[in-house]
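One chain comes next, on its own, written as structure tokens: the form predicted on its own.
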């Protein structure tokens, strides 16, 4: 075999080995993963996303939220995520089964959000007693982040509409603290994208146990 033949064989071997390592092995590892039934509650884990939460995942991606937040809890040997109480176990591949485009995240300018829908420390201070976020607190954070103590979150007020109240209030208006209220006779209404984004964030709850990722007691 001449030099060109050996070069061709070497290139082909490198390509085959790369294909096996980067495609075949991962496919064999995760390609057949399925949701698992909780033997105590009967729930399927990970739970499927609602239609609204699926839309919210796209809103999350479109607005670059993954540029500042991850959704991936590291193991205790890989970092302090569990010690920070961001989660009770590391995140594994099975957690993303229902997400066609997982929002893994690029940087942590803000805290990890993998368990935002569960009890967790304050998002802004990462300390204090655990709390459970609700739709009202998230809408307030997105519309008027400066109204939330310790927040450096950017404003997403473009996801909201200020409307004149005609007759009685719609009941959908944001409840804002003193100093951040809207003008008298008007209310701030979340858009469908804002509702979807909040629904998606509140669906993020990976406190269930999996065989490959037991929950830390």
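Note that this is a predicted model, so its numbers are computed, not measured. Positions refer to the first chain, counted from 1.
We do not show the form predicted together with heme C, though everything after this point is about it.
- Taken together, the three residues 165, 173 and 190 lack any non-hydrogen atom within 4.5 angstroms of heme C in the predicted bound form.
- In the predicted bound form, heme C lies within 4.5 Å of some heavy atom of residue 197.
- Among residues of the shown chain, residue 67 is one whose heavy atoms approach heme C to within 4.5 Å in the predicted bound form.
- In the predicted bound form, residue 92 stays away from heme C, with no heavy atom inside 4.5 Å.
- Although the partner is absent here, residue 113 lies within 4.5 Å of heme C in the predicted bound form, judged by heavy atoms.
- Checking 165 to 173, 43 to 51, 149 to 157, 180 to 188 against heme C in the predicted bound form, the stretch whose residues place heavy atoms within 4.5 Å of it is 149 to 157.
- The single contact residue among 97, 138, 144, 82, judged by any heavy atom lying within 4.5 Å of heme C in the predicted bound form, is 138.
- Of all the residues from 112 to 139, those having a non-hydrogen atom no more than 4.5 Å from heme C in the predicted bound form are 113, 116, 120, 123, 131, 133, 138.
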